[in-house]
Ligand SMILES: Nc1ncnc2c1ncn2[C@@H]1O[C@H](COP(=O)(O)OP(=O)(O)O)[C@@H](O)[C@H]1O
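One chain is shown next in structure tokens, namely the form predicted on its own.
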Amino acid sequence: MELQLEVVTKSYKNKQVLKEITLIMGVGVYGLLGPNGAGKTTMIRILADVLRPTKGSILYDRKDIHAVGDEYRAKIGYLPQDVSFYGDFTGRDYLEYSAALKGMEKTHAKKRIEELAYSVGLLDDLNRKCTAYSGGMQRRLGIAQALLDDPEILILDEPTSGLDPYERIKFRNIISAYAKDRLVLLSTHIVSDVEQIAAQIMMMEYGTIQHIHPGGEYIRMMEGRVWLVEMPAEQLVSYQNQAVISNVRAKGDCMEVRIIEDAKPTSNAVQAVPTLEDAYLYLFNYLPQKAGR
């Protein structure tokens, strides 16, 4: 299985949102990280065939997805960033309606709805109206919809928005189990969503894929660049304007500050074990005044 983007560009009037993206993805979980406005949702919508590129092509197993049309869309499970519901639909109504749109046989659909509702923790709420669901419950319902017909390609845009920490962990477990022989693309700005489950992590900014590596490679790149420094709180106020700080915590009478910097920032700095979040901050926000941003 292979999904390929060839020089994919999307423009609105005079603004390029995506800039000649060329990329090949196979079986496994791909994380798409980037700040708001990076172009993640536009890329997701193009891959889900909701939006057409201005230029370039998308190939699934070497076939243009627009040439095969419904054949490609039948292979996709898609969770958009914003999910809307008919006002009088219950959770069960929504999933049954979605199953009908996907052409699922009724008996199989009914069984699948029960299985997925249990997996996402909504089995006891299926007969409640969707509009009465909390934001997190609506998100879980959307995840169940995306998984309904066991798609070969799962495309998820900010899937854990509104989920509490326990729900996030449960979601990651579901995706890890599901992705064994499928392609999963998970777009988010929350690093922890992909750190544990993505085989490849793409860093996107300004409409381009800036980096694509396994998570461990990003962390190795940060070795010797993450420091812990103790300083008074009043010093921190001015210091944070000239350094990238990933975390601060009180430690006795001082603050322990986690600083991302190429060189040892102060004489009392000690090296810290880097994380993917450190790499994210380094690549996207490293001393913006020096980069001219």
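In this text, residue numbers run from 1 along the sequence as written. As the structure is a prediction and not an experimental result, all values here were calculated from the model.
Although not depicted, the form predicted together with the named molecule is the subject of the following passage.
Taking the partner from elsewhere, no residue among Q196, A199 and G216 has a non-hydrogen atom within 4.5 angstroms of the named molecule in the model of the complex. For the residues S246, T266, T42, S57, the 4.5 Å heavy atom test against the named molecule in the model of the complex is passed only by T42. With the partner omitted from this view, the residue of T90, S119, Q81, S192 that lies near the named molecule in the model of the complex is Q81 [heavy atom within 4.5 Å]. Look at 66-74, 29-37, 251-259, 232-240: in the model of the complex, residues with non-hydrogen atoms within 4.5 angstroms of the named molecule sit in 29-37. In the model of the complex, no heavy atom of L23 sits within 4.5 Å of the named molecule. Although the partner is absent from this view, L281 stays clear of the named molecule in the model of the complex, with no non-hydrogen atom inside 4.5 angstroms. Contact annotation for V17: at least one heavy atom lies within 4.5 Å of the named molecule in the model of the complex.
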